[in-house]
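The chain that follows stands alone, in the form predicted alone, written as structure tokens.
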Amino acid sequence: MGSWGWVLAGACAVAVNGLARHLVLLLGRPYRPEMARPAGSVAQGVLYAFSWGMLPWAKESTRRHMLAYLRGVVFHLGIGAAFLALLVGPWRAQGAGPLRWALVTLSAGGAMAGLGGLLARVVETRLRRLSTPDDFFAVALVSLFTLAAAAAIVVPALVPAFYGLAAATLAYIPFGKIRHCFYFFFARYFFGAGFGRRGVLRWGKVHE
């Protein structure tokens, strides 16, 4: 394993250990189960939370801000593509052409969406007031990471920059807003389980 391999392994270790600490803190918090008789299905509520409930018309905020919703979808697809590019990096030269260009397209699209979101935070007054320094830093860092992923596939000389940004992104995950990638699953599960049990949510149910 080369020097960049050790750097990335160290960054992964920081991310895993940091998230494990968050998990311990999360599970250590008091939990008081609901005592009322179930009026619905936990399973259907969880299924709703991870599927139908993530569609743009399921929430008022995304219905009213469709562009921001689509920008977020593209951004997160790009992040996934960038991490996939990092994972298959050692076999980059042997990669099939369609896969390589799919990663370039998704990563570059994600970078543009991320930078667009960053610009919106600067230009839009209300969004700027709601944003913290961590919001600006995290979006900028991940946008550069996805941009570097796309660029490194096309220009191999940029691979060290890609690896450096990947290491920085991985190491920052437990310390900033990027850790929402970890809390997202807990939040959706408890949302679906709680309201599914109460009969408020179920698969395919339309909510206003």
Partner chain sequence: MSESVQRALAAFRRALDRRVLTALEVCARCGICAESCHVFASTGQLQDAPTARSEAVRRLYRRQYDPLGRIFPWWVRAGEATEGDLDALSEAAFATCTLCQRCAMNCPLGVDTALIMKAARAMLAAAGKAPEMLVQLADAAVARGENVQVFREIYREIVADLEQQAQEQLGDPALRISLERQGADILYVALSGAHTIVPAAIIFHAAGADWTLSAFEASNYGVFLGDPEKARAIARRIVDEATHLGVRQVVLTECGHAYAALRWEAPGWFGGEFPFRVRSIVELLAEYIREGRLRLDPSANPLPVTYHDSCNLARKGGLLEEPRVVLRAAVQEFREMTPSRAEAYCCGGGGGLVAVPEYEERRLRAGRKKAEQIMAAGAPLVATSCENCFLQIRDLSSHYGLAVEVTGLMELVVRALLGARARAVRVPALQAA
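Positions refer to the first chain, counted from 1. Remember, predicted model here, so these are calculated numbers, not experimental data.
Below: the form predicted in complex with its partner chain, not depicted.
Against its partner chain in the predicted bound form, the set S41, P56 and L141 makes no contact: no member has a heavy atom within 4.5 Å. In the predicted bound form, at least one heavy atom of F137 sits within 4.5 Å of its partner chain.
Contact annotation for L130: at least one heavy atom lies within 4.5 Å of its partner chain in the predicted bound form. At the 4.5 Å threshold, heavy atoms of Y172 reach its partner chain in the predicted bound form. Taking non-hydrogen atoms only, S51 never approaches its partner chain to within 4.5 angstroms in the predicted bound form.
Contacts to its partner chain in the predicted bound form (heavy atom within 4.5 Å) from stretch 9-42: R21, H22, L26, L27, R29, P30, Y31, R32, E34, M35, A36, R37, P38, A39.
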